[in-house]
Structure formats: C-alpha cells, structure tokens
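One chain follows as structure tokens, the form predicted alone.
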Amino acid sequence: MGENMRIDARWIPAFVSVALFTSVGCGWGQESHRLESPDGKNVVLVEVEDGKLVYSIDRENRKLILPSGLGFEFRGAPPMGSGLVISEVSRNSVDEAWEQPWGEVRYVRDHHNELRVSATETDGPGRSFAVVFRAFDDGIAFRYELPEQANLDEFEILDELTEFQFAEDPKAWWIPANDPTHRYELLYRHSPLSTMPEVHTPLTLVTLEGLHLVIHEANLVDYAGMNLTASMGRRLSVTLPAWADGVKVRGRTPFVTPWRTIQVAESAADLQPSLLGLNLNPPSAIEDMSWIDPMKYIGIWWSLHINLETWGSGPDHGATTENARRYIDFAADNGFGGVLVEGWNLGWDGNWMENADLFSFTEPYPDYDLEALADHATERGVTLIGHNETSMGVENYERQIEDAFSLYQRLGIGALKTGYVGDETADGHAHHGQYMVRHWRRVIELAARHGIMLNVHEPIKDTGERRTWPNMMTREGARGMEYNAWAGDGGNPPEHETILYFTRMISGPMDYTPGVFDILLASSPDGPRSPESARVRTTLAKQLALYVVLYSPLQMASDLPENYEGQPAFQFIRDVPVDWEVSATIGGRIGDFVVVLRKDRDGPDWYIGAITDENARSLEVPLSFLPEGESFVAEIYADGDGAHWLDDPLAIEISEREVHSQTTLTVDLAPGGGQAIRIRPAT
C-alpha cells in the first residue's frame, strides 16, 4: 500500500506583522451576533432563544454545533441561564506573532477575531455575566466572565450548563472519566458520540464528511477540570469533578472560567501541531528563562517496573549511591542532560500507594548520598532529576514543599518529577477537581521561584499553561511505557501510539518514556516474555521513531544503560533533539499510522518519524521541504527484513543515502513498526 503525502507549507512559519483593530458597541436588541474567523470559514452565532443565551457554530456553511445552552447552576441561589437579554456587545481583532522559549514550533501566530456578549437577567436577582468568543482559523474558543457586582459576590457552582449540541453523530475517540482510578491511564475506545459515557478531554471527533474536531479547554487556573457527558440526542454536557462536599467550583467575582475550545481541521494531519490552547494562555510570567533547558534524560526507573530492582529499601534497592553514580556517568558519556532517580527518599517501604503521609521529600535512604551525588552530577555536566511521589497525600506534600524545593535549589537539582498515584485526596477531593488544580498551580509557581523544571505524572491535563509557566515542561496524563512491563496487564497494543498522537498529544507534551531496546524484557527476572505476556508491542525501529512522533522537551531513554551498550541504533537517541524550529504532520489516520516531520531548533538537521499499527504499510514521503540545490544525507533506521512486533521485533536496518529536495523516500513499516530518519547536510 502506498500513500503520497506532501508537506503543507502553512506549518512553515513566516515572520508575521502585528496589527490590532478594536471596535466596541452595545445595544439592547435581541438580534443575532455573528463572529467569523479571519479566513471566514468558522462562524459563531450568538443569540437569545426563549430567554436563554445560546451559541452555534458553522464551518463553510456546514452545521457543526446547533444552538447550545450556556450558564451556571449555583448552590443557594437561582440558576443563571434563563430570563436573559443581551445588554452589551464588543468586538476585537488580533494578529500577532510570539516566540516560544522551547516547543514543537518556535514561532506561533495568534490571529483571531473576538466577540464579547454580556447578558443580564430581566427578573430575579438581576445578575449579569459575559461570554467571550474567539474565532481562529483552526477553531473556536469561549469562556465566561463574571464581573464584580453587588448581587453576585462569593458563589459555589454546582454545575456548568455549557452544551455542545452536534448537528450529526460523529465518531468519537475517548477514555472514560468515571473509571475507578479517575485518571487518564486507559486505552482509547471509539464509538458514535451519542453512546459515550462521561469522558475526559481532549475528545477527538470525526464527522461523516471527514472533518476532525477536538473539544478541550485552555488556561485552567482556578476551576475544576472539564469532563463531557453525552446523550442520545448528540448533545455533550459539561460535567465537573467535585470537592468532597459536592460543590464543583468555589469563587468570588470578578471571576473568569477556563476557555472551552473546539479545534477544527479538514484532516487528521491538520490537527497537529495544535497551538490553539497556547494562544489562549497569557505570556510567560518568568522574566529570565535562561535556566529552562530542554533535555534528554535516563534514570533508575525501568528497572523498578520490570522487578529487577525495588523502590523500597533492601538488598535490591535501586536508588543506591553506587547505582546512581553509574547512571550519572553513562548520561555524561552519552550527552544526556539529566538522571532521574526514583525511590531515593524515605517512605517507599511497605504499601507506598497507601502510606502517603510517610513520605519525606528531603531525607534520603542511608544508602543514597544525595549531596555527594548532586555534586558528582554537577561535575559531570548533568543534573539529578528529583522525584516526589505523593500518593495523593497532598497535605503531607504541601507541609514539606518549601523545604524540599529550597534543598533541591541549593543542590543544583534543576528538574523534578512529581507523582499523584491515587484516586482522591484523604479528604475526598476529586483528583481533577478545583482543589487539585489549585495545588498543581501552586507547585508550578513555587518550582519556578526555585529554578526547577517540572515533569508531572498522574497530572491534571495540559491546558497550555506552559506558555505562562514554561518551567511546566511535560507530563504523563495517558497510558505510558510502564504498562508494557506489568505482568497481567497485557501491554499497549501496536495501535496505541497512533491514537495518542491525535488525542492525548493534542493537549501538549507527554512523558511517554520511549527507548526500550530490550523489547522482550529479557532483563527482567521473569523474562523474556512470551507474545501473550506484557511486553513492548513495537519493533525496535518504532521505539526510535517515537522520539520524533511523541513530543516532549524532557525526553527519556527509558531502558537500562547496559541494554544500550554496543547497539548501533542507540546513535539515533544520542542525535535526536528535543527542541524544534518547525513541526508538521505529513500524513496520518487515527489508529492507523502517523508520519511527522521536525526541524532542529539549534541546527540544520531535519527528522522524520513514521509509525504504524498492527498492519504493514509503505508510504511515499517527498523531501520537498529541503532547500533547493543543496545535498543532504539521510540516516535511516528502518524495520529489518522480516521484522514484526509479535515474533521478530528486534530486526533493524541502518543505512545512509544522499537526498535532496527532489527526492521521494519510500518508507516501509513492518507490522507494529516504524522508521526514524535523520537528514543532515552532506557537508
């Protein structure tokens, strides 16, 4: 099977002039108010129907969202959503460019038109609120603003009444929000939208005509994370995780909610890179960002998951001084920036998933010399990456966090991985509710003050806050590599990463932890694993391709150092960057395959990563993005003859060939396979 794909030049950014146009008007008439995206394709209509403020969305005269309700239900007060008139309308237009300190692209264009509609109750309390809509070429966003007013001061929201009433019943790719863990570490399912349970966002949808939509949120600061619940009538309703007493959101006016976003694309490939959420967050709050440094890292981590070593103390303890020094030296010798060490601190003995209050975030085990290792790492030009597992013991963590971060700063520990294994706090607050959103934001801001980059596991979803706090580098928030190590779980199927790219990865970077070379897990005391057991369900070449496909500015090489020694394929992991000038999706279908192109931000090299599901594929990839008249060398890491994720995953072929802008590469992918390509100047 062959598929010809050409790069869309829209993803290659040009310098954009800045223009700002503003117009303001108000009126008491109940006419419709129309907002168009700059290219005129996305249209929002806002009006009052039967006393309710509603909105609808069209795309090139195609109905996407039918009139859908807006408003709130409060505790101890009447709902705000009926008996309304439009009291004021204002408009604004923005076209400007800004530069990311790091990212999948360097320059981002923020080009949108804005409509702000204020509505006032005609009876009852006489309260008012505004809904601000922004129309971009790649989607629509809106949020609520509750102004300061005498009849609405402190409030408690029981429900947000936002709806998305679809004109048809699109196919949806989703993970349930009411799973017992209430987290995101689940395999994606697909079904008609109307049959979904309560689900997490981002939610990816495909219409009958092939239009792709993603519903998500942006700039989540002091609110509950948004879930979505479907009905047979093709209506999605917002549902919010609660505080222990059932309240969803507590606040005081003036107050703004997160943005509700609807990304729109003509194809799956047009969904990525997704920049809509970044444009809806404020600029960086960190003035000096020189200490924020994307990097690759290794760590005492995979050995714990395959039961070779333990988090807790004892004869097999992984976090020993000797073991950590070995990892530090390996990192320094191979150009890695950091070494993660899990299980270094007191609290891991016994059932650590239940003993949340026993963790210390400053006291190491006796066999782990924290200060000496931090000094050794500094001498070798790498950083220790601290690890703080809380087991959702948030109160215990917050009691220690100031002292812990001060210690890490003094020792030169410039990055931190946090963990929140657990369903809810000890007091019963939801894992993704407002209580935890406030906590995570506090951690981000405190880490910034201490010069610490963050990698958050069991997190709240990414909503673009990395623009405001660029020390919030990456997070988990999906089913990652460790599920391939746990006996009895079954591992991630070959299609998993081709789904993640168009679903979870829409929200932002993910610490998926690729790079396992011991695919059969022969290093495990229980290995090597049979095809029916939990094991890595990719080829070796696909493990390399994931470094290009699954973006993270902190990118792990997750296998044991000894499994990389003497392996020619390890050179690709040494070479591949983690910070990019340009990114483009040059082909893909959800659950089938992905082909991604990226250019090194700090050099002339280009990288291509291609992955497939359980089916073999042959794809044609033109190199027309290369400068004309220049010669390049393509270093190709491909599936070898007979490679197959199930019975021959290690077969790999490494080759070089001269290429130029007129070259078309044939990319052959084995079942469960991939291909990783570095393209460097011939000189």
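One-based numbering along the sequence shown. What you see is a predicted model; the values in this text were computed from it and never measured.
Keep in mind the form predicted together with a small molecule is missing from the figure; the text below concerns it.
Open item on the list: Is the small molecule in the model of the complex close enough to Glu104, Glu465 and Tyr501 that every residue in that trio has a heavy atom within 4.5 angstroms of it?
Closed with: No.
Task: in the model of the complex, segment of 117-125, 88-96, 232-240, 413-421 with a heavy atom within 4.5 Å of the small molecule - done: Only one stretch qualifies here: 413-421.
TODO: Could you work out which of Arg441, His457, His376, Arg250 is the residue within 4.5 angstroms of the small molecule in the model of the complex, going by heavy atoms?
DONE: Here the answer is residue option His457.
Task: Residue among Trp352, Trp469, Phe330, Phe155 with a heavy atom within 4.5 Å of the small molecule in the model of the complex - done: In short, Trp352.
Task: Interface membership of His305, the small molecule in the model of the complex, 4.5 Å heavy atom rule - done: Yes, His305 lies within 4.5 Å of the small molecule in the model of the complex.
Open item on the list: Residue-level question: is Glu482 within 4.5 Å of the small molecule in the model of the complex, judged on heavy atoms?
Closed with: Yes, Glu482 sits close enough to the small molecule in the model of the complex that at least one of its heavy atoms falls within 4.5 Å.
Open item on the list: Does any part of Tyr547 reach within 4.5 Å of the small molecule in the model of the complex? Heavy atoms only, please.
Closed with: Tyr547 lies outside the contact set for the small molecule.
Task: Distance check, Phe405 to the small molecule in the model of the complex, heavy atom within 4.5 Å - done: Contact check for Phe405: no, nothing within 4.5 Å of the small molecule in the model of the complex.
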